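Read on for two forms of one protein chain; each stands alone as structure tokens, with the labels structure 1 and structure 2.
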Structure 1
């Protein structure tokens, strides 16, 4: 009778008389009984407050949901209801506002302040006043809507989140991207987008099943959360594609490091459905507003960058650049012409020597496929091999290359072997050992003279299946080499079971190993010692300078391969050399390798004060560049080097001789993911547009003026030299 007693106390005992008063009393009593039954049946709850917003009544059933029969009379509303939760959640006015304004409210959701899982009520109430118009408090009803709320949240989650991984889905990450880009346009705040794609994930589904694939994707999502943390938001676009949104981020040094860490961590082995599996990852990066200020444009830019990373060999990252559009067009052209090239024998084999470091004699030639396209010249394997893999032509291409290499090697002296690269797609073909046997039988080449170079990417997927394939190949009598060792996913674990004869140490460990404070020397020694203990040969790849060559020789490497000995040669040149008995390759190259400097051939702009000069950059390092085109610039002059695409590097002239400058950058450059260098920050297109008239380009005078032009602008400080660009581009 709690509610009855409460109302009776509030109603008082004012005297009445006559039949009308008696009838009214009966009516009130019946209503009280009905409300009491309603409350006792727990069909709904009632609550009331005084003028100070303190509870004067709360239904016993409601009190029980809050932890028992605690007396709530006298408790403030703010001690029971979260006064802000509904406003945050429902984008409406808060409960405190409505209470202060003495507003009525209906079906207002509030979260209850209590420990444990969240509890939500839906409350309705209206203010009550006495006969004099004085506020007396609120009278209202309530009901528990926790289950309804959970169902609503789950429905929202299904619409906005990926069911498998719990990450936001494509729709949500796109909305968040569009919101971030509004700030880019209105407040000039940058925004970065990283697109991640798993390498050879399909192989997991094909070999271990879709359930195992789902389990692996869940683990990938967990690893990404640990890496990214609160730096950005991760979304799963579907399949094996993920996207990372990083607001207020434009530092390409940080972005490259983050992408590289994602690739490295994702590429570590997984345990799924009781099997050990490995996948790789590639990443594309774009930054607004530099690479696009709309969601579609920025996403398209990351797609192009991601494709460039995959085309370069996977397991890498790339930043978007304007050059990628022409690269994509080239890829389409290559795809259209590659099949005809295979049929018309435009693809030929070249051979690069692998030299025994004890004698400098060639012990093996690596077969390298080359495409000499009529009227277009040589097409890089870095371009057409990924196209062949993506279009399914790699099986035909690889089979033809293997057959030709065996035929060519059969014409060499019997002690010289041939090494043939095997793509992961070829390796995954269950009939691949049959293709190898066919090539050996048709050419007559002894199996021990054939080396199959296999990268660690073959272990992406089911490791046991890969190891079984290696054992099948080994039974044929061929030799097996682990290529690009040290750049893969879990190198040491593969050596314990796989029957390799040779380890090829990736060139990234050889180059720069002689530099002070470089860890590559210790890594090289560890790899060489490990291979020696396992009875394997070692090949140091990419040797270009004498100091590198002497280092790997002193550490005990058995073989070396690189430009210091020779570039790849055609079969006719190989046969001619061997026929003359010239199987010794004397090393020829620079004494020391300049690890931080790379040769470049490109136009740049040099800005000094209010003038812009055309110049020509010959080499580039993280800390400086060699530039030609300005005459007699004083040492110590501060300039800005325009590297293109908004890349402006502040620099100081440290060396000046006639028209050649050596400049030192104020801020070191960072890796662009493609073996090149780029500035950490770029000048946004908004700023470039605003400053478009700040630097006045020089105009050239009569070409007959002995190659030197005067500045058209009246106050230019330097003379610009007319350069013959074609001379440098040959």
Structure 2
């Protein structure tokens, strides 16, 4: 057999070195037998080449894996071993180099050139020379290490990737972020980070089980991959947190739409283990170097932005801004003070009318909690209700709110109802119907005058349990209203067998429905028609302008609630109004809805020819702003409006009257995700720093700096009028 020839030759060479023979007392014959046993057991293989690097021998077991002796016979080394793969893979000298240099090598990993799944060997060999010192070829051994390598690769994968979703894990994405930030610092290349967190994922885990939760996360990851594509890298940080790293990206228009798309697509229903499930998502966005140029700072900035998005009602994105810091502090403060506030009656109920669209008469008041903090003003329930939910205080708060609302309503004329918001946490409490009964008994309010507003989020968990609760509540004789309809979870078809008396269509459908190209109108019509055919009332929430009101009226909505009729009022005001018999609310508001106009009241800087003026912005739109504080600026003057945090908008004065300017921006602003606007690009802190050294008075993003008039004031062309900030800022 071939092996015998090979060993015979090998023995011949051994005699030239003599070392192996001396080291063993076995005869050549015995050693040959041992090697044969070793080779037959496929524990290891042998190979030999000639001076031209062509194979002259390969153990039968090894040859078989290459397709048999026939296939392999006479092949050159380069036709069997992948010379490049080995070099690429290991940080050592390449195989071709070692062969050319006639080096010995030991345990060198090499990929076998062969169709199918990759096969790796580890080869060792040394060159052989004849007595005259002429190279005769290599003699070597080999071993299949494919399995070992797979295990090693798997271990690396485990370290770098998230096992469940296959996305990179926290460690890897943080490394990539650090690498990207090096480029930010050294080459001034921006880099954006989006932090995404699923809303109510815990609920899915708790109600449908962890396996279902895992299945859902996997689908979320797949959806994210589709959206992000090769624009950036997605990582899963653990739990329901994802991060998207977008190198070389600073355009907030683009980032906002990407985040919005992620939120929208993630919020579509899932099928997990045969059940339909829905989650939402919130996103926080920060961009280096503007919001921080270290990994920790940038991550903390996205955290804060995400937190703000969640606090504002979830399902939204937010850009980081230095003001968010104070929001986070506010929330901490809320957490610390809410309990005392409940005890010391700082929380009161306000009532907003829900008006019958045929007669403009109030048919119901929605009870809305207000927290009037001494010295701090009103705190929105959108901020403190989530805190109350997280801390478990909602049970007590909800109970007190329900009781108060029923008591107050009992003092109104008997045809007017009261609507009370019920948190999903209250709703999940098995004793909730008892609490309702208590409030009715204690206040003497007729059950038919109490309407419970429930959002679709109560169906995120076990639908049957939720439906059972609805039936129990109905049995008490109270009315049920589905609040914020359309914001997420149930479909229109779901309404057909739901026991609601009223559907409240979310503000987001009403607001802007009259704008051209807005398909909310079609959605509104579908909801109103279906609800009407099922005998349910429909309330259009958040109507602010006359055209919106006319639209919902013409589409057949039965009721509307919104600032166009009234904001929420204190019980005393409601009582005195009703005592005078004034139960009709006349709509009053702007004639048309304008998507891009918003009232903002804040300080800005106006930079003109090296001088920065303090001014006051009263009105902001995508295309321009109304600014107060500079006297007699000629129309046509070019200025830069400093909106803070590196947001500089080049603008031209279009209107000017005394101290009031109307300016038009050169580049329209983009949505900031919070219902506000921001500039697409910002001036980097590096440039701001350079500008301040050059005495160009721009405002830094340091919050401590906010609103402080710059000390240096080069020659100013316009007169800055003294503004009484406190008048506006309270």
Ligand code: C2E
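Given the structure is predicted, the values throughout are model-derived calculations rather than measurements. Between two forms, the rigid core is the largest collection of C-alphas that superpose within 1.5 Å. Residue numbers count along the first chain shown, from 1.
In this pair, the copy labelled structure 2 belongs to the form predicted in complex with the ligand. In this overlay on the rigid core, residue 122 has a C-alpha that sits 2 Å or more away from its partner position between structures 1 and 2. Remark: with the core as the superposition reference, the CA shift of residue 546 between structures 1 and 2 reaches 2 Å or more. The Cα shift for residue 222 between structures 1 and 2, taken after rigid core superposition, is smaller than 2 angstroms. Core-based alignment between structures 1 and 2 gives a C-alpha movement of 3.6 Å at residue 470. Core fit done between structures 1 and 2; CA of residue 58 shifted by 8.1 Å.
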